[in-house]
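Given next, in structure tokens, is a single chain: the form predicted alone.
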């Protein structure tokens, strides 16, 4: 999934899937190609509309009968609010399709959403420029995450281990129908279930309006019988029809799993099409590698092509690299009313310029002339998920090499802190020692937030400072920072200045940051790719076997987690305690490029001898 959170990932996918098709591997177990994102588990429960779309004006109160779904809402990609709710405009041309057109965000209320506000790309632009336009932000959360710092209302909810209302889930990467049973574990704090939050808010609305339907809509929550909703989903989902939730719940309490009734175990995309000649969910019913839609032709992506990254490249960003070909006839910047040499971030998203490799290799990222020289990637940590490194101090100190439960260096914001992996040779050329503090500065056009040049107070919060870790495993010019770390906030900086121990802990909320200033999201931004916002592309819907065209949430829309940037790195402070000398592991000779004789002998295996 990680490589798919980059701007031009679909071109990579078209190339690799075409290769798999040409070699006869698509749909074959062991030879297939695919990807997984958490949202797609929803498709395994295509009976979900029984719950999420129950008609609020025709509520079914009989637990033995199904609901009568009728949707009174339309979806919009959450990633547009990350782009200040405006479409992509290049020159005088709108490149966002009508089916994708965003509207102003009035409120946000999210749960189980990976700290969607704290981890959102272009985070500081979001909180300083977009949030003032939003009227209410509510968060259901286990931990006081960065999202909570910026919310108007925070509901403390049960962790999975504390659930008093059952739930279920599934994944395309394993064969199980997973039930979360009611737990006998007592709640650690004064929390309630996510679903109880909604029922309680509804009960207040019923009180204010006198309309009993607000309570009726959550009848089975109020009766502690949410099994009804889960059974309705089971009964109306292709892969779960025939299961009895009460039986599944009883088995789950004994640790007995259930299998998801999919055609293959685990799910193998394309098996039905290959085995039964079932049509694919495309306009032709076949795998399509040539895109005939006007938007793809205009973008120069009707053929599978290579495009450079939109930001994390040493070359000119987002260019198509291809030899002359009669099928490639993209609309250039001039066709959209833009200048050909306009490489500003927004224009760059829809700038279609084709170079041969000989031409492309002579180009450079527009910031190279200003001393920017590093690709900056922010992938997820393999052994963590979103916010786990910060949740408890004993977990946090294991997150990287800068953990210190005693905090000998009071500059450290927590018992650990954010760091960037950098090639040792690159670091040495910049005068940066292993463990030093560094500044990481992104494209000044609009990061860390638009208007930072005239907002000194917020810029102090948003400019990223972190430790540098020598990491020979990364190529020269390519740096990495793990995605999972809590960002600096005005409150965390206040704590660092006012507390005797110097912890970056908000004195009002106890929020604990992992950065002295900024975060991994100081360098990223939201990007909009034209071919992910078309009105003509035929695609499968989220639920069932229906197909349609144009926007569909999580199916045909912009990616929500672009992880790329191009940055300048400079030394901020020495890594030794209180800013004096070298970081201690360097002094001890146990770090790359600073190995003591004993360390070199150890690495050569000389500490062990055969008898």
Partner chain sequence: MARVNNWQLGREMSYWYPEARPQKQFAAVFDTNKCIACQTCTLACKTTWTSGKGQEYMLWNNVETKPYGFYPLAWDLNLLEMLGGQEWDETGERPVYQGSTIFESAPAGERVLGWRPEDQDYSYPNVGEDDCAGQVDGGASLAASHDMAWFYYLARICNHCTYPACLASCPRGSIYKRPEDGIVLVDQGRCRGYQECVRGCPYKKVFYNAMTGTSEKCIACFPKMETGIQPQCFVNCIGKIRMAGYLNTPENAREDNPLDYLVHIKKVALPLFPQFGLEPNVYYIPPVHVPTSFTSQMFGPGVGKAIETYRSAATDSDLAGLLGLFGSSERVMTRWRRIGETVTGLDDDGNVLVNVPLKEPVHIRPAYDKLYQVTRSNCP
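Residue numbers count along the first chain shown, from 1. Treat the numbers as computed from the prediction; the structure is a model and nothing was measured.
Separately, the form predicted in complex with its partner chain exists; it is not shown, and the next lines address it.
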property	result
Residue stretch of 118 to 126, 224 to 232, 189 to 197, 537 to 545 approaching its partner chain in the predicted bound form, non-hydrogen atom distance within 4.5 Å	537 to 545
Partner contact for residue 497 in the predicted bound form: its partner chain, 4.5 angstroms, heavy atom	no
Partner contact for residue 272 in the predicted bound form: its partner chain, 4.5 angstroms, heavy atom	yes
Partner proximity in the predicted bound form: residue 204 to its partner chain, non-hydrogen atom cutoff 4.5 Å	no
Contact of residue 371 with its partner chain in the predicted bound form (heavy atom, 4.5 Å)	no
Single option in 509, 363, 93, 268 placed near its partner chain in the predicted bound form, where near means a heavy atom within 4.5 Å	268
Option touching its partner chain, based on a heavy atom within 4.5 Å in the predicted bound form, out of 502, 490, 166, 403	403
4.5 Å heavy atom contact with its partner chain in the predicted bound form for all of 381, 470 and 608	yes
Its partner chain in the predicted bound form - contacting residues of 255 to 270, heavy atom within 4.5 Å	259, 260, 261, 262, 263, 264, 265, 266, 267, 268, 269
